[in-house]
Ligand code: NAD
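One chain comes next, on its own, written as structure tokens: the form predicted alone.
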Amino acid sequence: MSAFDLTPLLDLLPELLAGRPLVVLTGAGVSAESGLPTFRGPGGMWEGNRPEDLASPEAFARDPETVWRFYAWRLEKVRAARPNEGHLALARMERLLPRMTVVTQNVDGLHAAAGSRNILELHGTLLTARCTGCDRGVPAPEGPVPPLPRCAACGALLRPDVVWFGEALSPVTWKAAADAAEACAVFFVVGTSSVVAPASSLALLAARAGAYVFEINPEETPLAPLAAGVFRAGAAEVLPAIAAELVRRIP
């Protein structure tokens, strides 16, 4: 028996099984349960720099070596991390429901590692790099980065394939996320502060289009008044309970 009252959510199961979509927006709180530090969390200094001061086009133009050392440190942590029960539960749910999309602000690839397939990575991924010259994508470099990585095709400098401060999201990815939000019957907001734009607007788009919004987060956020249901606990606790109920109720 689940410790959570899932009734308001599971009452919507017939709609989901009839093909109405489910969209799940995830943030750093999901991956924190795999041991990955949140970007702005406690101890947010790296070699005397704030991460925010290193994740920008200006920082890369000024000192690409320092930026790449920072991203090599992040990559080391990402490659050592494993999907937690929250990631795995979402992958199980995707196998059960006809139409489900995971929209993530995370750049760690853990949703794919858990088995989710229909994923929109709003902020890109640490696992690939992109050429600053020809825009070619390649796997991210291994180990400590200097000497600086260069494109094998054109020789230009590679950069992390993530969206930095001051950069726009991919318009293709953003349109797909917004379209999914406006078409869904149920929208989960999981492990995100709901203050980082434009991702924070997706729940509002979903609600305005008639979706039921549910929040999973141990912390209070500005989203709560909009939500049809709020679970004040971690993703690795709540999502497996939801997935287990889905398995039990689906014939």
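Don't overthink the numbering: it's just position in the shown sequence, from 1. Since the structure is predicted, the reported quantities are computational estimates derived from the model, not experimental observations.
Form predicted together with the ligand: not shown, discussed below.
Just to be sure I understand the contacts: of Ser56, Thr66, Thr38, Asn49, which is the one whose heavy atoms reach within 4.5 angstroms of the ligand in the model of the complex? Residue within 4.5 Å of the partner: Thr38.
Three residues, Ser193, Pro218 and Gly234; all within 4.5 Å of the ligand in the model of the complex via heavy atoms? All of them do, each having a heavy atom within 4.5 Å of the partner.
The ligand isn't shown here, but in the model of the complex, which of 28-36, 178-186, 57-65, 203-211 has heavy atoms within 4.5 Å of it? Flagged stretch: 28-36.
Does the ligand come within 4.5 Å of any heavy atom of Gln105 in the model of the complex? Although the ligand is absent here, Gln105 would touch it in the model of the complex, with heavy atoms inside 4.5 Å.
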